[in-house]
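The form predicted alone is given below as one chain in structure tokens.
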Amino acid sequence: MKPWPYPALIAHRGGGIVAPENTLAAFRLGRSLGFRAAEFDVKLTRDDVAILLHDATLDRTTNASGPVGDLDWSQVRGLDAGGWLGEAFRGEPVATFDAVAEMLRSTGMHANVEIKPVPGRERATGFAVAARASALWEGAAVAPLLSSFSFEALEAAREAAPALPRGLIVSSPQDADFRRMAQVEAVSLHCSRKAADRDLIARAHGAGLRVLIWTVDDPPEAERLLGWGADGIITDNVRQFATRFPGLL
């Protein structure tokens, strides 16, 4: 397999559960703990602005409600994406992909960009996010790693930015379709901790793929998975993992 440029520990959604997910505050927190890589979710507003948000709706992580795909950026930019976690983060805005890329590049952090389309926009989101990532990381020593549950999004990403590495996210071993992964020229398998085992990791490595496991918050479990050969651990438990595994950051 080709050399793997990403650290073994990756902060989930920027700052785990310590800061409001997918916000600039989260990335600042993760970096302050020593993390050199972060995973985060990118989708499109109705007018095709790439923003960070995990859910298809705004209800859980902002002070608004309803499908984000029904709104333009002008309607999203003023929302509070931090107050749900505590007063210390009240007023933290929804982050744009551009702003996050600028922060990560300026602080030397690596990116695992999950392409997270709103329902029905898999291809459009895959193409747009990959094209924007290619422009935002132009000239970077290490390219962002694009990942998605959607083969359609990954196919579009390959068309838009063939030079950027891609990975498939799966919740179960049955979803790890190595044939289709080869078709989209994937370089990595991103597997749920509940589905990961020694055999799946070995089979993925045999197919030339790196393996990242999400979301692992128990240190002994992380040690076991790394012992089985996992190439990356995505965690919400950022404070404890930074203290327990400083050499893997």
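Quick note: we count residues from 1 along the sequence shown, nothing fancier. Just so you know, these numbers come straight off a predicted model, no measurement behind them.
Below: the form predicted together with a small molecule, not depicted.
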Legend entry - Any non-hydrogen atom of Ile234 within 4.5 angstroms of the small molecule in the predicted bound form: yes
Legend entry - the small molecule contact in the predicted bound form: Arg166, any heavy atom under 4.5 Å: no
Legend entry - is_contact(Trp214, the small molecule) in the predicted bound form, heavy atom dist at most 4.5 Å: yes
Inset, instruction - Indicate whether the small molecule has at least one heavy atom within 4.5 Å of a heavy atom of Arg224 in the predicted bound form. - result: no
Inset, instruction - Using a 4.5 Å heavy atom cut-off, indicate which stretch of 198-206, 64-72, 33-41, 180-188 touches the small molecule in the predicted bound form. - result: 33-41
Inset, instruction - Using heavy atoms only and a 4.5 Å cut-off, determine which of Phe89, Phe97, Phe127, Phe149 is in contact with the small molecule in the predicted bound form. - result: Phe149
